[in-house]
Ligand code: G3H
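Okay, here we've got a single chain as structure tokens, the form predicted alone, with questions on binding and movement later.
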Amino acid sequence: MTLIEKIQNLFPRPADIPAALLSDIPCIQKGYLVNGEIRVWDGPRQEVLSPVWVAGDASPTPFYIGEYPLLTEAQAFQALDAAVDAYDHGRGVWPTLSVVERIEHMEQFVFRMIEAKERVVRFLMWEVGKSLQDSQKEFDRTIQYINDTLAALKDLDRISSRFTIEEGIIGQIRRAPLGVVLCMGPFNYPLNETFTTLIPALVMGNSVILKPPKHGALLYAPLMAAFRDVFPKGVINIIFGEGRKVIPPLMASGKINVLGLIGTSKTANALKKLHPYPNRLRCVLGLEAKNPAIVLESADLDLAIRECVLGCLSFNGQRCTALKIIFVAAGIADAFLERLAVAVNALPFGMPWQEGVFVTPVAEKGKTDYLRELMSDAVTKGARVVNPAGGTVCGSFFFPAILYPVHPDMRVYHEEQFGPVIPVLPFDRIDTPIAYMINSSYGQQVSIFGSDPDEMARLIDPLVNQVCRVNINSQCQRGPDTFPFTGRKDSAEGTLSVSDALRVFSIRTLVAAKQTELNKQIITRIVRDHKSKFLATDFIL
């Protein structure tokens, strides 16, 4: 069977799907979480079709896996009222708990979350087409992220558990919550990246409204009861529906204090403009990127090919941290392309549950049409598809395509493809990729491949002022989660790492008093008798 024939016969018949993976399918999700109650929605629901299609007597068709509520503005405001009441201007139960008490609640949630692992992983695989192995990794990484966040919070609190005396003033500085947080995550990491804003927002004492992504909503069904049981009512509220209908009214209310969004700059800008009190709104944003790879003549080609394939095509290139354009030194371009084409065409592709599969169907509806448009535009303007069968489409599956030579008149040169299309272009002078990065609207990361320390050093110094992470002989990536994750220009606002996230969802606050005998007696009594959760010297072990 030829490669194209394998692609055209990719999708399974229903009887070929492992029975264990069909447990809970379809999932008719009617519940949503507001004010500590899982309420039942009897109105319209959104049909959920998997990126995995199924073969039949005719052409393959999308596989129906469930439904979730299409809530209205009324339910969104109920969630907002619950979150506002739970925070109660900082006087609610949750924001006034001690750090130790909030950590204990979160540890209980982790235990409950682990109990739901199999169901969450299954829904994750079905909803976004991520391989079963990578879906399990996303779950495990999320658990690790929560544990690392709690460890970082303990460290932060230990530093804060002492008094400072400066210029006759006694002070204790701690971090306090900001208020009501609106969290929205992306479809490509609907669990992990959503939790990178949700978890620090919660554990710092804020109340939260969570709007799951439209691809990746069902996986929250197994977690709903845990959220309800572990946290005080109104502290975490989960709503479903069309974002353009339920989110703008929340922002326009002026009652959202923090916007935590992993998405697009277009969405972020539109939502920020709706807030009537912009100075009261803090934004924590992870947005687009067009991360380049720069392959120098001194590069180890085997290493560069391996990392570029991973960087461009892990989870089908549906990552903000993916490599989205490759600049290769003209003198090695032919050798690089030849090896790249062989490596790409050797990648195992198929259904997400198949062992060792790398390339799977793409998650977004209409994505294959968009990718074909980019290819057609590039080919019309002088590029060619380097790898045999590149760009072949079957339903929701798009076989990776290498385009060369790409130039600035092509859409794929500028647009973030967010899929398995690899634009490659040669350069004679290093100024070419540097100019690209200077003129780009994005500034997240870059990967540079080479072996000459002098040449690499000359690149590092200007590039660290264009992006926020320079990767040497490795693909772009987010982890480890203890490293800062952010970007310049339209790529990010705020920094997310386990320690930075705790800071962006809180604010430094202090209690201060002149160093008089009366004040020293007051502070001593408060601390000794544990009369305050804030003004305290308890040391978390």
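Don't overthink the numbering: it's just position in the shown sequence, from 1. Owing to the predicted nature of the structure, the values given are computational and were not obtained by experimental measurement.
The form predicted in complex with this ligand exists for this protein as well; it is not shown, and the discussion that follows is about that form.
Undergrad: Which residue, K367, K255, K211, R319, is the contact with this ligand in the predicted complex, using a 4.5 Å heavy atom cutoff?
TA: Result of the distance check: R319.
Undergrad: Name the residue from T495, N473, N35, Q477 that puts a heavy atom within 4.5 Å of this ligand in the predicted complex.
TA: Comparing distances to this ligand in the predicted complex, the residue within 4.5 Å is Q477.
Undergrad: Taking 4.5 angstroms as the heavy atom distance cut-off, pick the stretch from 247-255, 87-95, 320-328, 452-460 that is near this ligand in the predicted complex.
TA: Result of the contact check: 320-328.
Undergrad: If we define contact as a non-hydrogen atom of the residue within 4.5 angstroms of the partner, is N188 a contact of this ligand in the predicted complex?
TA: Judged by the heavy-atom cut-off of 4.5 Å, N188 is in contact with this ligand in the predicted complex.
Undergrad: Would you classify F485 as touching this ligand in the predicted complex, given a 4.5 Å non-hydrogen atom cut-off?
TA: It does: once this ligand is placed as it appears in the predicted complex, F485 has a heavy atom within 4.5 Å of it.
Undergrad: According to a 4.5 angstroms non-hydrogen atom cut-off, is E193 in contact with this ligand in the predicted complex?
TA: Close contact exists here: in the predicted complex, E193 approaches this ligand to within 4.5 Å, heavy atoms only.
Undergrad: Is R228 one of the residues lying within 4.5 Å of this ligand in the predicted complex, judged by heavy atom distances?
TA: Contact with this ligand, no.
Undergrad: In sequence order, which positions of 122-159 have a non-hydrogen atom within 4.5 Å of this ligand in the predicted complex?
TA: Heavy-atom contacts to this ligand in the predicted complex: only R141.
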